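Shown below, as structure tokens, is a lone chain in the form predicted alone; questions about how it binds or moves come after it.
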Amino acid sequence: MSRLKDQVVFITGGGSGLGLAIVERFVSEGARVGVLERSADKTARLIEGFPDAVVAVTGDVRSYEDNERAVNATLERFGKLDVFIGNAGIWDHGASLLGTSPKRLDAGYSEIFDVNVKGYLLGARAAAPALVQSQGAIIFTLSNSAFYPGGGGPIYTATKHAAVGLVRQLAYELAPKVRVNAVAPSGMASDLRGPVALGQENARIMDSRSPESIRAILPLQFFPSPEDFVGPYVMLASRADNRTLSGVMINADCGLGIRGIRYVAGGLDL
């Protein structure tokens, strides 16, 4: 496979889950990859696993300096940048409005928005000059929560709706040089964590949702792996396959758009 031969990609949160699946597929398609990853252990594993194709930097997407440092490391190693993938994120484990104290809502809002929205904005800012030069692409990871309620609590859902606006605004601002799009996966086998502010930093998405529960709400009736969602990223990154799409959100929701998210449980009892 060589759809991304000689392309250079920078991705945030590439050490596990969907991010790692993207790194693995992009390398197999001929790309070289720079990664900004919060975990030093995951950074070390990436460097060990892909010594020739990956440069990985430990840092925080909420820091512009860390984003810039990772972009510069990618440019120094590989000489250019063709694609930025904003992928690092955290989930609120469905923390509800009335079920969360005002103090935790306040702190959780700040942390989740900083990672899920500001992290994309700062990553895009750090990568944009090189992408304008290469006439490249930006791809953001959204979620089914960018389109439907019920995929998280109000904070997480709001961050993903905010990222939709970011896609559209950056597609407008960076045209005609840079194509800006997004992929919105459904639930999957992932170790997506929650925020420290809600006491969820060690809680994984699969700790509160079983494969069976995810399969049950998906009209396609299977439990996806991260690898199942990588194809749209390859297509959006490929110059041969995408000259025409910008400002587009690919809703890779396993058919949820047919009827939205439905659970058996009842609603709020007031």
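Since the structure is predicted, the reported quantities are computational estimates derived from the model, not experimental observations. The first residue of the shown sequence is 1; numbering continues from there.
The form predicted in complex with a small molecule is left out here; the points below concern that form.
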property	result
Candidate from Ala95, Ala128, Met188, Val167 lying within 4.5 Å of the small molecule in the model of the complex - any heavy atom	Met188
Selected contact from Ala31, Ala70, Val54, Val61, since only one has a non-hydrogen atom within 4.5 angstroms of the small molecule in the model of the complex	Val61
Residues Gly13, Leu18 and Lys42 all lining the small molecule in the model of the complex, heavy atom within 4.5 Å	yes
Heavy atom of Leu142 within 4.5 Å of the small molecule in the model of the complex	yes
Contact flag, Asn87 vs the small molecule in the model of the complex, heavy atom cut 4.5 Å	yes
Arg215, heavy atom within 4.5 angstroms of the small molecule in the model of the complex	no
Proximity of Phe147 to the small molecule in the model of the complex, heavy atoms at 4.5 Å	no
Option from 188-196, 76-84, 130-138, 98-106 whose residues, in the model of the complex, bring a heavy atom within 4.5 Å of the small molecule	188-196
